[in-house]
Structure formats: structure tokens, C-alpha cells
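There is one chain below, alone, in C-alpha cells, taken in the form predicted on its own.
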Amino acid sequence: MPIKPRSHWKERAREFGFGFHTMYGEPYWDESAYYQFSLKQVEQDLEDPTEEIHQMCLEVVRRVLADDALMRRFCIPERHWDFVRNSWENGDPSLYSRLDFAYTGQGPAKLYENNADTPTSLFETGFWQWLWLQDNVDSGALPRQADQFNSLQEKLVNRFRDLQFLTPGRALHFACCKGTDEDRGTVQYLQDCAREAGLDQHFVFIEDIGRDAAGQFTDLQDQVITWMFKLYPWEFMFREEFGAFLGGNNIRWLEPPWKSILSNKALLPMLWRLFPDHPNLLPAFFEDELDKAAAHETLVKKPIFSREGANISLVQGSSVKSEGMSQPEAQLLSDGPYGEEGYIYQAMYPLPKFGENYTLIGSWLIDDEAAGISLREDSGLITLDSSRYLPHVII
């Protein structure tokens, strides 16, 4: 739905520290339009399936951690198996996740993937689009009854309060990489939520984390890190030099190590294996299962580890049917650094197109509860880190 942008929105962005509303010289935040939902669409087609699929994903974690062959399929380095398994067996708590869906507005939403370890766009979802709604309701541009599926900030603050009781006596360090405005903005927003919850919290860049003689991780003030939220993928940490010290120090992690199972594209064929023909799932296959995919005209080839829509290809069914072909010819849709660990194949289900743009819905979970949605759109079929973010309303 088209709407006139607020005349003062850039001043508001400066006021509230939204410094990455423009990226790569192009608008990232776009309020020239919004997406409108009915309450039934949100509750039945997005909220309920999000919580159901989350529980299905937890069942996958249970199965994978109990099976060495599946741990290898998920490309978890063997030296870290005990570290990952112990985090699950100890009940290490989670903070958040985001499920990405293709949803036309009719029929079931289809799961693309689970961003369970390092999802971003929290600030835009939990605070900024809510502020947009309030401003437009106050100005009369939107009706008084306009609402949003958005309890993200409230749930984040409450979850941090819960985590404080589950992790007593520890200060929470937040970390992300240098030179990433979006990541730093996301972490700053989470710090604000933690501060509101009353937590003692600190910040350190990933590159500045050191270790002491005992192998404990430390910040630039030589404080020992005992509890850390890191906006940095587990698959990177497992393979780096300091990865050898994981599990040998007394740290509680957000997200916990068992999330490495869920932030992994191998999750998709496992979900299909355990819950075949579920209305919210797309058929998905490992590379050695392509004989089962012959009925699907087009497949999307995804690296087991990839982020921000990188290294995505389309594979035609005729190539898949070729006998013995484990790496069929593919049409590359997006470049990137991923793919070394192998690929999975998911049945093609194009994003819906509204006007000239393809739209992806991210559905957020705080712990086990659905908490809101974010919408990204792009002129291409692949949602990238530069794809625009648009607000939404429920009327």
C-alpha cells in the first residue's frame, strides 16, 4: 500500500541512532509503502506456523545430536561435538531466531530457512517500524485501529530478565565484527534491551577478544568473559585459531552452541525427512538424495553454510534426473564465499511479487514464542543484505 513518507523521518533516524537506513548508496529503509495484513493472516498463517516449525526444528536438534553420521552431514567439526552436545544437554538457553517465509497472503507460508544464530534487522523490526506506525497513526495517515504484529522489544527485554536469573552473577558481553554498521546497530539495540532489563553489560569487537594464560577469553580491559552474545557465526568460530579453546572455559553463550544445528541449511532436508508433506515445508534433499527429487522441475541449490542470500543457484529437474549426477549444472543467481562444505537442494517456490518487487517475510521468535514480522523486498528473486526493509500494519 503506497503512503507518503514522513517529512522528518531522517531527523528521527538520527535522533534514535538508525545510522544504516541507507546502505551502498541505496535506501535500505523504505517507507514509501507498507504491507497490510488481516489479523487472521497473521495469527493463522504466520504466528501459529512459526511456533510449530520451531518445535519441529528442536526435534531435528535432538535427532542430529544423537547421531554421529548426522553430525557429519551438518559439517560440525568432530573436535567440537562434545561442546555442542553438552550445551544441549545442559539446557543452555536461547535468545532469539528468525524464520524466513515466502507468503502470498493466501494458503500456507513456505519456510525458506531458519536464521537461528545471527539474525539481524532487530532494531528495524522491534523499534523503528513501531515508531513509524505511531507517527502515522498520530498524523492521521493511518487509521486509529491500525496495529502491527510486533511484541519483539517487549519480549526481548523480558527474555533478558529471565536469562539474568538463569545465568546469575555474570556480566553479559556483546560482540560483533568491526566495520559492519548494521551488525553494530543490531548489537547496540540488544545492549539497550539488556540495559532496560537491568543487566550488567559490556561491548567488545570480535577482533579484540584475547585470552589469558588459562585460555579464558578476555576483553580489552582484561576482564574475563563469562557470558557472551556474539553476532558471529558458530561455523566461523569452530574453524578459527581460538576455536581450540571453546568448551575449555567457563562461558555461557548466546546463541548457545546447539544453535549451530539450526543455523545450518542441512536443517531443511532433515525437516522434510522427519515431517514430509508438512504444509509449511518445501521438499528438500541432501546431495546424495537427488534421485528423490526428480519430480521437481526446478530446485534451489544452497550451500550448507551461507548467509545474506549468497551462492544460490537454480537447478533444472532434467539435470537432477541425470543418472549419477551429484553436482548438476546450475544457473548461478548470487555470488559469495560459501559452498566448500557442500550443498542441499530445495524445491523452487518463488517469492511472491507485489508490484515490481519480490517480498520475503521474516518471522521472529524470542525463546519459543512468535514475536513479530519483518518484510524485505527486492527487484530480484534473492533477498540480499541490501534488500529494502518495509513496515507493515494489521487492519
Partner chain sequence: MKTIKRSKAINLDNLRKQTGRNFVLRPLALGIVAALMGCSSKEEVKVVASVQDCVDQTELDQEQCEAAYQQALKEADRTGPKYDSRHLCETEFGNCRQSGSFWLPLMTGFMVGQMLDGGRDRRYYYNPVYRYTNPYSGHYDRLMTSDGSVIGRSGKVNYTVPSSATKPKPTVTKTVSRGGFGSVASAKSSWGGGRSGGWGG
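Since the structure is predicted, the reported quantities are computational estimates derived from the model, not experimental observations. Numbering follows the first chain given and starts at 1.
Below: the form predicted together with the partner chain, not depicted.
A.B. asks: Check Phe101 for me: does it contact the partner chain in the predicted complex (non-hydrogen atoms, 4.5 angstroms)?
C.D. replies: No, Phe101 is distant from the partner.
A.B. asks: Is Gly210 a contact residue for the partner chain in the predicted complex, using a 4.5 Å heavy atom cut-off?
C.D. replies: Within the cut-off, so yes.
A.B. asks: Counting only non-hydrogen atoms and a 4.5 angstroms cut-off, does Pro257 reach the partner chain in the predicted complex?
C.D. replies: Pro257 lies outside the contact set for the partner chain.
A.B. asks: Considering non-hydrogen atoms and a 4.5 Å limit, does the partner chain approach Asp288 in the predicted complex?
C.D. replies: Residue-level check for Asp288: no, no contact with the partner chain.
A.B. asks: Taking 4.5 angstroms as the heavy atom distance cut-off, pick the stretch from 293 to 301, 104 to 112, 68 to 76, 229 to 237 that is near the partner chain in the predicted complex.
C.D. replies: Of the options given, it is 229 to 237.
A.B. asks: If you check in the predicted complex, do Gln55, Tyr345 and Gly380 all have a non-hydrogen atom within 4.5 Å of the partner chain?
C.D. replies: Checked in the predicted complex: no contact with the partner chain for any of the three.
A.B. asks: Using a 4.5 Å cut on heavy atoms, which of Ser94, Ser313, Ser87, Gln148 is close to the partner chain in the predicted complex?
C.D. replies: Of the candidates Ser94, Ser313, Ser87, Gln148, Gln148 is the one lying within 4.5 Å of the partner chain in the predicted complex.
A.B. asks: Between Ser263, Gln153, Asn136, Asn280, only one gets a heavy atom within 4.5 angstroms of the partner chain in the predicted complex; which residue is that?
C.D. replies: In short, Gln153.
A.B. asks: Counting only heavy atoms, which residues in 17 to 46 are within 4.5 Å of the partner chain in the predicted complex?
C.D. replies: Stretch hits, in order: Gly17, Tyr24, Leu39, Val42, Glu43.
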